[in-house]
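What follows is one chain in C-alpha cells, specifically the form predicted on its own.
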Amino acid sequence: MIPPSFYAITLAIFAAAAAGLVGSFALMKRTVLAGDVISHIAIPGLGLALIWNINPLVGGATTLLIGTIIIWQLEKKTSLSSEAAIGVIFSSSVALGALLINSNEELIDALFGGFGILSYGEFTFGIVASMFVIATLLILRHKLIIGLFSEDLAVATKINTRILHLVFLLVFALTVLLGLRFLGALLAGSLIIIPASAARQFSHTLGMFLSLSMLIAVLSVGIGFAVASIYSLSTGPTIVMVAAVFFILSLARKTK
C-alpha cells in the first residue's frame, strides 16, 4: 500500500516545478514579490471555508480567482500599476481574513499549511493543475518575453498584451493555490520568489534560468520534506529555509 505521504510529496514536487517556472517569468517581469502578496488574498476564503466547514482550499481558490480578476480590472480601468493594484487587494484581504479566522489552530493552518489528509481528488487536481501551469508558460514563453521587453513590438506582432497579462495572473494565482496546502498563505509565495532569485545568479541563458529555477524549487521541497520528517519540524518553514540556503549559496558564487 502506498503511504499517504507519498502523494503529498509527489504533489508538492509538481507544484514546486510550476512555482519555479512561474517565478522565473515573474522575476523577469519585476513582479516576483506579487507571489508573496497574492498568496495572502486566499486568507478570507480560507476563513470563510473554515466557518462553513468546507474544504479550505476551495475557499482559497475562490478568493484568489476573484482577487486576480479585480487586480486585472483595476489595472485596466485605472492608472494603477500592478504593484499598487495588488497592494490594495492584499491589504483588504489580510484585514478581512484576520476578522474571519478566530481559532489559533485554524490561523496556523491558514498561514503555514496543513489542512488534513490529502484526498485523491485534491491530488489529481494538483497534478493536472501543475502540468497545466508548466505547459501554459512554455507555450506562451515567446509571447511573454516579447511583451516583457517591448510592448510596442508585442502590439506590432498582434499579441494581445492585456489578455496575456490576465492569463499570467491567473496562472500565477493557480500556482499560489497549489502551494497553500503545504506552505500556507504566509509562505506560498516564497517558492515563487526564492528559487527564481537563486537561479538567476547561476544562469547565463534563458533556458538555463528556467530549468534551474524549477530544479531549485523541486530540490527545496524534496530536501525540506526529508529534513522536516527527520527532525520533526514544520514542513512549510523548513522548505522555505532550504530554498533560502540555495539563495545564499548563489550569492556566495556570484561574489567569487
Partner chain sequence: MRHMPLVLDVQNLSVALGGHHALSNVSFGIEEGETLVIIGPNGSGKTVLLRTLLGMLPSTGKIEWNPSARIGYVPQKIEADRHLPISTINLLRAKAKILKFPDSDILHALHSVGLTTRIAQIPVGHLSGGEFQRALIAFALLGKPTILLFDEPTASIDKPGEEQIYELLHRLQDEYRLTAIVISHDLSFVYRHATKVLCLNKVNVCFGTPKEALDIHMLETLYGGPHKYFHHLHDHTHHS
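Residue numbers count along the first chain shown, from 1. This one's a predicted model, so the numbers in the text were calculated from it and none came from an experiment.
The following text describes the form predicted together with its partner chain, which does not appear among the structures shown.
Looking in the model of the complex, is its partner chain within 4.5 Å of a heavy atom from each of T62, R162 and L166?
Looking in the model of the complex, the three residues T62, R162 and L166 all stay beyond 4.5 Å of its partner chain (heavy atoms).
Which listed residue (L206, A226, I69, I51) meets the criterion of a heavy atom within 4.5 Å of its partner chain in the model of the complex?
Checking each option against its partner chain in the model of the complex, the one that comes within 4.5 Å is L206.
Name the single residue among I134, I146, L74, L118 that comes within 4.5 Å of its partner chain in the model of the complex, judging by heavy atoms.
It is I146.
Looking at the partner-bound form in the model of the complex, is T124 within 4.5 Å of its partner chain by any heavy atom?
Contact check for T124: no, nothing within 4.5 Å of its partner chain in the model of the complex.
Do L138 and its partner chain share at least one heavy atom pair within 4.5 Å in the model of the complex?
Heavy-atom contact with its partner chain at 4.5 Å: absent for L138.
Check whether L215 has any heavy atom within 4.5 Å of a heavy atom of its partner chain in the model of the complex, and answer yes or no.
L215 lies outside the contact set for its partner chain.
Taking 4.5 angstroms as the cut-off for heavy atoms, does M28 touch its partner chain in the model of the complex?
Yes, M28 lies within 4.5 Å of its partner chain in the model of the complex.
Heavy atoms, 4.5 Å, its partner chain in the model of the complex: which of 51 to 59, 198 to 206, 38 to 46, 217 to 225 makes the cut? Say which one.
Careful reading of the contacts points to 198 to 206.
Let me know which residues along 122 to 159 have a heavy atom within 4.5 Å of its partner chain in the model of the complex, or say none if there are none.
Those in contact are H142, K143, I145, I146, L148, F149, S150, D152, L153, V155, A156, T157, I159.
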